[in-house]
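Two forms of a single protein chain come next, each set out by itself as structure tokens; they are called structure 1 and structure 2.
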Structure 1
């Protein structure tokens, strides 16, 4: 049995859930048994209707205790589902929250943890995975015995297709003392962009060289034109020009789009860690010696306030041609 913890937004499955199902099916082919799913939190019952087409059984964990996320509660719910299913492997999204509860679960199950994996598979009774390490500069292959907890890096895996109707089974999970030690006082919601950064095919990132929050209007216009998402460097977040949810890099998000625009940013290693796997990198910087040019396929040396408006015009021409 393989358990896949399915991420959702309260009304539908997230893309990462369907990536998880694909990984789960691949593991189950070798490990044997079915793929079962778990939905936790508000909306789980509604989403189960969609989810049951992908797995043989969907466990749901809901109720007042699961209104808000904590690593302790989610690990507890996953432990209960893993036990109910007799799972040899648990697959979960390597989102920021996913990566905060999966280590707890691995410890509870005395399991190996394969984190933020690009791919994963089983051979005999061993599991293997690939992942990046050393600030995204090394690709490594890892091996572990069972049971194993595997988190899936977003945007690495084909989305699963529906495979017929499974069943839904609510699971009741009793919280212990540990799960009551964190109280959520306040949510600080940042308005996410129209396009999810980690899933975007085009990312347009501005750095400190943009000069002001207002100048990001140009970045937004360019991103909109290309159906892409807006990114920012740490320097920009520190300046308060953009929300943290747009930060790309070691301490922000990791993106791997088809095309990455690095505009008026220097290309510090910590920033590169979040974007160095992009297919094509394009840089604009007024300093010909900026490190980002060494990490780029195409670059323009020039003032962003002159070059970007011209790029916007050229793309508009291209679109209307």
Structure 2
């Protein structure tokens, strides 16, 4: 049996959940048993109606204790679901929250932990996985015995298709003193873009060369026209031009969109660590020797304040044609 912890936004499954189901199915082909899912927190009962089309059973964990996220609570819920299902492997998203609670779950299950994986599979009684290391420049292959906890790097795995109607089962989880040590007093949600940065097929990132916070209005307009998300470099975040939630790089988010626009940014190795696995990279920089051009598929040497408005106008023409 394989348990997949399904990430959701309270109304529908996220792409990362469907990536997890694909991984879970691949593991179950060798390990045996079904793929079951777990939904935690507000909206889990509603999302279960969608989730049951992808797995044989959906466990839901809701209630006052799970209205707000803490790593210990989520790890406890996953531990209870793994025990109920008799799961040999647990698959979870390598999101910011996922990376905080999966190590705790591995400890609770006395299990191996394979983090931020690009692929995973089973052979006999072992599981294997690949992941990037050294700023995404080295590909590692890892092996572990069972039980195992595996987190899935976003945008690396095909999305699962529905496979029939499963069942839904509420799961009661009793929290102990350890899980209650942290209490969430307030939650402040940043107002972000229309598209989630880690799930976007198109990412438009601006660097310090944009010149000002106001200039990012062009970045936002271009991203909106393409149905994409806005990203930023660390220098931009440090300058206070954009929120930290948009930072891409070694100390920010990792993205792997179909198209990545790198605009007015030099492309330092720390930034490349967050985007160098994008399928197509388009760079604009006035410096012909900027490192980003070595990572780009298409490059324009020019002033961003001349090039970007022209790009926006061309996209508008294409959309109105």
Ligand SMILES: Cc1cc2nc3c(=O)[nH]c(=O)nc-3n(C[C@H](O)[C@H](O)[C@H](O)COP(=O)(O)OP(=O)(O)OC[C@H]3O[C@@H](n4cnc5c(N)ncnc54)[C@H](O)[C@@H]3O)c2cc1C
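The term rigid core refers to the most C-alpha atoms you can superpose between the two forms while keeping them within 1.5 Å. Keep in mind that what you see is a predicted model, and the values were worked out from it rather than measured. Numbering follows the first chain given and starts at 1.
The first of the two standalone chains is derived from the form predicted in complex with the ligand.
Relative to the superposed core, residue 128 undergoes a C-alpha shift smaller than 2 Å between the two structures. After superposition on the rigid core, displacement of the C-alpha of residue 34 between the two structures stays below 2 Å. After superposition on the rigid core, the Cα of residue 223 moves by 2 Å or more between the two structures. With the core fitted, the CA of residue 309 sits 2.6 Å away from its counterpart between the two structures.
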